[in-house]
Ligand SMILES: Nc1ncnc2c1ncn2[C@@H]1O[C@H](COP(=O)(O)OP(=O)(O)O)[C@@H](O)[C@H]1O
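The chain below stands alone, shown as structure tokens; this is the form predicted on its own.
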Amino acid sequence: MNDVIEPVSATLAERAKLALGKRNLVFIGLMGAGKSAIGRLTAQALGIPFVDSDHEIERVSRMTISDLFARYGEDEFRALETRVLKRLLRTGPRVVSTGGGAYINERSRRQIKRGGLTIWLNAELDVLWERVNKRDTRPLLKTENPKQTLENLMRARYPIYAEADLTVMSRDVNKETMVEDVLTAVIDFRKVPNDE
């Protein structure tokens, strides 16, 4: 046995691209779920553009997310996020990863639902914590007990994330496996009984 990582199956990617059509595929979920990393690889597999909404917000505002939060507060940040998402989702197909709070904001959620197929990368607390506790760039985790804050965010947000069209468990497996899970979910979502 060799340890070479196999690329995502071209057949699987083609079937998913056909199922997606001209719609956008929008990744939602908490920080650390893998929206950017898996989103980028999914876009590569599908052969369509990838956009990270947080990076786009930073580009248009010329400020980091942390600086935006600190200077203008969460309400102003969410208003900017909604405007950016509306613009990003106007055309497709493309893969868009969103910030953890984007889908929680009602106006942004409407834009996301209208603009594409939503996929929630659902992850357990320990998986998320292992991924996010190494960096000090998460404004919502700048609290006395960041792990408890993360757990509180899960409790508050998971019922809303559950409204997504698709759900894939984000877990500690190789990224190619996660991409295959996403592509399979897209294909399965479009299957209907008279699909033959």
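Keep in mind it's a predicted model, so treat the numbers as computed, not measured. All residue numbers are counted from 1 along the displayed sequence.
We do not show the form predicted together with the ligand, though everything after this point is about it.
Peer 1: Examine A37 and determine whether its closest non-hydrogen atom to the ligand in the predicted bound form is within 4.5 angstroms.
Peer 2: A37: yes, in contact with the ligand in the predicted bound form.
Peer 1: Using heavy atoms and a 4.5 Å limit, would one call V173 a contact residue for the ligand in the predicted bound form?
Peer 2: So V173 counts as contacting the ligand.
Peer 1: Is A19 near the ligand? Define near as a heavy atom within 4.5 Å, in the predicted bound form.
Peer 2: Contact check for A19: no, nothing within 4.5 Å of the ligand in the predicted bound form.
Peer 1: Give a yes or no for M178: in the predicted bound form, does one of its heavy atoms lie within 4.5 Å of a heavy atom belonging to the ligand?
Peer 2: Taking the distances in the predicted bound form, the answer for M178 is yes, it comes within 4.5 Å of the ligand.
Peer 1: Between the options M31, I48, V51, A164, which residue brings a heavy atom to within 4.5 Å of the ligand in the predicted bound form?
Peer 2: After the contact test, the surviving option is M31.
Peer 1: Can you tell me which bits of 105-133 touch the ligand in the predicted bound form, meaning any heavy atom within 4.5 Å?
Peer 2: The stretch touches the partner through R131 alone.
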